[in-house]
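In structure tokens, the next block holds one chain alone, the form predicted on its own.
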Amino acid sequence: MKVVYTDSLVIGGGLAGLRIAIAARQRGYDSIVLSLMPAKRSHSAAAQGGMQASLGASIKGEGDNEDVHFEDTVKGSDWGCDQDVARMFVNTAPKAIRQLCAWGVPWSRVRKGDREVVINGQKVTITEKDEAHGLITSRDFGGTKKWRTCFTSDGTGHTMLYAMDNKAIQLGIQVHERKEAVALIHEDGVCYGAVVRDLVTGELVAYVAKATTIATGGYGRLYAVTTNAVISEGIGNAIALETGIAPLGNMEAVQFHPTAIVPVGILTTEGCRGDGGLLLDKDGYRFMPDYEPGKKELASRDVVSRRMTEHIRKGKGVSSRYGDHLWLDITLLGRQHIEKNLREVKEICEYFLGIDPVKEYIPVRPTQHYSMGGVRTRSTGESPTMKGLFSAGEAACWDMHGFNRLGGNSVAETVVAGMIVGEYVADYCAQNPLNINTKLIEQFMDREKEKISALLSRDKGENPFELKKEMQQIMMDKVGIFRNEADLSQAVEELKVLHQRSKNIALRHKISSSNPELVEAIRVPKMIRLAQCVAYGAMLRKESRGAHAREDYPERNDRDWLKRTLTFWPDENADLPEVKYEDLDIMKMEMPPGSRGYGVDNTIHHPDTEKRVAQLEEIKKANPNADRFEMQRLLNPIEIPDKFRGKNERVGKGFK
């Protein structure tokens, strides 16, 4: 039995995982990062459009600050987020982006003087201030009051990931590649690491640590068509779920991105619309102003995706052999802008569609893109039910995004959560010595060996690739953008059958090393359980909130459903998870529930909303001279590591 010991074990080599490892290493604790592939190829590199931080340097970002970013984030979440976490995030994001700059991210910069931009389909001239010249600039993104999304052309995730990985190399952090965690090692509510399989040799190794962090990204590959990389299968979520102790949060909250190319589902960044691109129907008609006259193409992602789907349902989609789609028009931006700021989009269109977006429209339709759900954590990033288990990034339900995230807030979350949670991981390492019985390690190792042996020895059974394909189609057809009782009930029943069939998987290739079929056989049963968590949670939640849109329950129901879904799977033989709920306390909210400002407000209000609004007004009246920092502390005092408490400076305004 091979055992590797460390202080901090991080499962996942993307931005969040690397940043947590860096934080622990900077505090003097050894960190090992496990990655399915070389870290620089993690899915974080696919983030194109940018990272939100309220720098307020560009003229269209003038007046931006943490309060404005906080309000946008809470509204974007449809009041489903943890407002303490949202406040921690917006206060730390400017520090994160400047630190990344120091580490080598070549952020696009403000250039003083006049420049031509496209706003609402019209070319206009804006004038950047002289004193802002050379500072980090920003572009417009959906659901924001200010231009806040900082970027490096449309390769933001790529440049961030390379800088982060280089920093990890500088600090001597070990990244163990081609390794997959298949189970968590735990006892009496404490996590001690993971059983890890070498994808090349097939060897099982126990990685034992004081603190274990799941940072494996999202679970987009539960769906047949997704913008996610092929490795985004939710296995980190699944091994937490399989403990029966650590819950997953808000698994039914799945975001569809409006502009994935047809048919392959590769993303064209929100920066296309942020920079002035338009959505057109089969007649070349710009339809979004009819649905959302305020924000138009830059309404929140869940809203734009639903409006596009509604328009296609009305017969306004463009017919194709791959189904109906709509057009994304960025031709009005001009060749110079596209080749400088949207160059990856241009290359994607050339390579995968054979078109030049400088001259031709891009075929797009909404496609699964992001998972708001994940391993439920406290604001510290630690599981509330399993000590020593942390999670961050898309794998976590931290819960900054609630039921819908704003574009640019996710890549920002990876780094900001990595900074904040990394400090709490280091604190945990400092306060908790490693004390584990070798017998416990053997038990978990033997259990996983037996599972793999059973797969290799079974002569007849199910094909894992076919099971996965069926699961993905169920999710695509019945747990998509619009949901209803009939479809969701069918999905739940069909996934029950798949779950039973997955217990009888047999392999054609009976080797343990370098065997993709065995990898699939290990993963697919886990993925089916995750899919059931999504479908069952969606069936039970009888309201519409953010990206969870029920056609049969169109109201956002704060009275009955202002709560977070918690999903457990304590019985591995069960076909359904156990579901519990965690109430969101309005009386502690800095920003009580209100209208998002899209369409008709059909909210069923909670009786505490008016009480909290009145309470907040009394606090404001009692402190007429308080500045915004003092007021924020009065309305919502938050705990945050000391090193991130400082104010953020902005051009011409100091710390105001």
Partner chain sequence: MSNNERVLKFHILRYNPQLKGDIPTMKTYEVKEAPGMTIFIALNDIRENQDPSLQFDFICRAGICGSCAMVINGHPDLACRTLTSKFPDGEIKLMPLPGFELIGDLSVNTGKFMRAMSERVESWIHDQYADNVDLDRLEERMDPDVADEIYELERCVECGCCVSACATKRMRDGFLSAVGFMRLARYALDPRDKRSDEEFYEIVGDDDGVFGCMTLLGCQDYCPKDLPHQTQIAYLRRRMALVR
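Positions refer to the first chain, counted from 1. Everything quoted here is computed from the prediction, not taken from an experiment.
Just so it is clear, the following notes concern the form predicted in complex with the partner chain, a form of the same protein that is not shown.
Residue contact with the partner chain in the predicted complex: residue 321 places a heavy atom within 4.5 Å of it. The shortest heavy atom separation between residue 48 and the partner chain in the predicted complex is within 4.5 Å. Taking the partner from elsewhere, residue 646 is found to have a heavy atom lying within 4.5 Å of the partner chain in the predicted complex. With a 4.5 Å cutoff on heavy atoms, residue 623 does not count as touching the partner chain in the predicted complex; it lies far away.
At a distance of at most 4.5 angstroms from the partner chain in the predicted complex, none of the three residues 126, 278 and 627 contributes a non-hydrogen atom.
Shown alone, this chain has one stretch from 31-39, 601-609, 627-635, 585-593 that lies within 4.5 Å of the partner chain in the predicted complex by heavy atoms: 31-39.
173 is the sole member of 185, 173, 338, 246 with a non-hydrogen atom lying within 4.5 angstroms of the partner chain in the predicted complex. Exactly one listed residue, out of 419, 538, 330, 181, brings a non-hydrogen atom to within 4.5 Å of the partner chain in the predicted complex: 419. Annotation for 1-24: no interface residues with the partner chain in the predicted complex [heavy atom within 4.5 Å].
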